[in-house]
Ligand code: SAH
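Only one chain is included here, represented as structure tokens and corresponding to the form predicted on its own.
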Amino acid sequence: MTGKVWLTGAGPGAPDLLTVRAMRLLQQADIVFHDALVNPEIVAIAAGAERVAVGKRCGRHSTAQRFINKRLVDAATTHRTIVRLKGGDPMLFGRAQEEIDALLAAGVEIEVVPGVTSALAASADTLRSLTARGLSRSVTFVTPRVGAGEDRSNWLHAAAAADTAVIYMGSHEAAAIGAALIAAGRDPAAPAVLIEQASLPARQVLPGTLATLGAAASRLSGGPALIVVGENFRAVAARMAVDAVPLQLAEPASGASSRRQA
């Protein structure tokens, strides 16, 4: 094997949130295998590389994982710098371990380049911290998604127990997720926020509660989104309501007006 695979995080979407190392590797890459959700502007940075889409999208045509693994192994015999570009951070809900194991078994050199995961970008977009002194001392990242032949996920127990729960790949099941968390003991009025296209200009922040999560999800435009549940996010709805009220310039008092005219 002559090539090295760099398992690289593309971050949440905004190109300027790429790490310096990820940027350098894209500029030097001979071939880039990229996920469907990676911003095309980021893929375009690899202008001198062969670019191969190996996306996996819910409800759409996807590239089988075993085929992705084989393509990476094969590429290491013909290319020196191979970038496997994954949205967010490659080591969080990105099937990274399957690709790492396949490459190690084939004797391919590999290195992981971390990226900004979407939970952090979503928190930044809401101006609310995932943790808060005296209010949120635990955070859990979960997904209800289960692939064919996989064991049932125990996401509900973890999400119900955490002060702040970030739910990946759950926007299509938002109403069911809200109902499940309520049945597991969470308050129906607990704050729940949907963040779509975090870090990008087209982002949406849709605040609500567990009871209204399905209604909030109906306003999504189809982009990647995640759900954040936690008491520290109660202020999001209040602040957005204030921001939505147009500022009115106060009318001068009649006396002041008459004095100016005088």
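Note that residue numbering begins at 1 and tracks the sequence as displayed. Here the structure is a predicted model, which is why all the values come from computation and not from measurement.
Just so it is clear, the following notes concern the form predicted together with S-adenosyl-L-homocysteine, a form of the same protein that is not shown.
Chemist: Residue-level contact is defined here as any heavy atom of the residue lying within 4.5 Å of S-adenosyl-L-homocysteine in the predicted complex; does P224 satisfy this criterion?
Modeler: Answer yes; at least one heavy atom of P224 falls within 4.5 Å of S-adenosyl-L-homocysteine in the predicted complex.
Chemist: Look up in the predicted complex whether S123 has a non-hydrogen atom within 4.5 angstroms of S-adenosyl-L-homocysteine, and give yes or no.
Modeler: Result no; S123 lies far from S-adenosyl-L-homocysteine in the predicted complex.
Chemist: With a 4.5 Å heavy atom cut-off, would you call W155 a contact of S-adenosyl-L-homocysteine in the predicted complex?
Modeler: Answer no; every heavy atom of W155 is more than 4.5 Å from S-adenosyl-L-homocysteine in the predicted complex.
Chemist: With the partner left out here, check for me: in the predicted complex, does some heavy atom of T164 sit within 4.5 Å of S-adenosyl-L-homocysteine?
Modeler: No.
Chemist: Using a 4.5 Å heavy atom cut-off, which residue among Q197, N69, N232, N39 comes into contact with S-adenosyl-L-homocysteine in the predicted complex?
Modeler: Contact check passes for Q197.
Chemist: In the predicted complex, which of 181-189, 81-89, 130-138, 100-108 comes within 4.5 Å of S-adenosyl-L-homocysteine (heavy atoms)?
Modeler: Of the options, only 81-89 has residues within 4.5 Å of the partner.
Chemist: Residue by residue through 106-138, tell me which have a non-hydrogen atom within 4.5 angstroms of S-adenosyl-L-homocysteine in the predicted complex.
Modeler: Heavy-atom contacts to S-adenosyl-L-homocysteine in the predicted complex: T117, S118.
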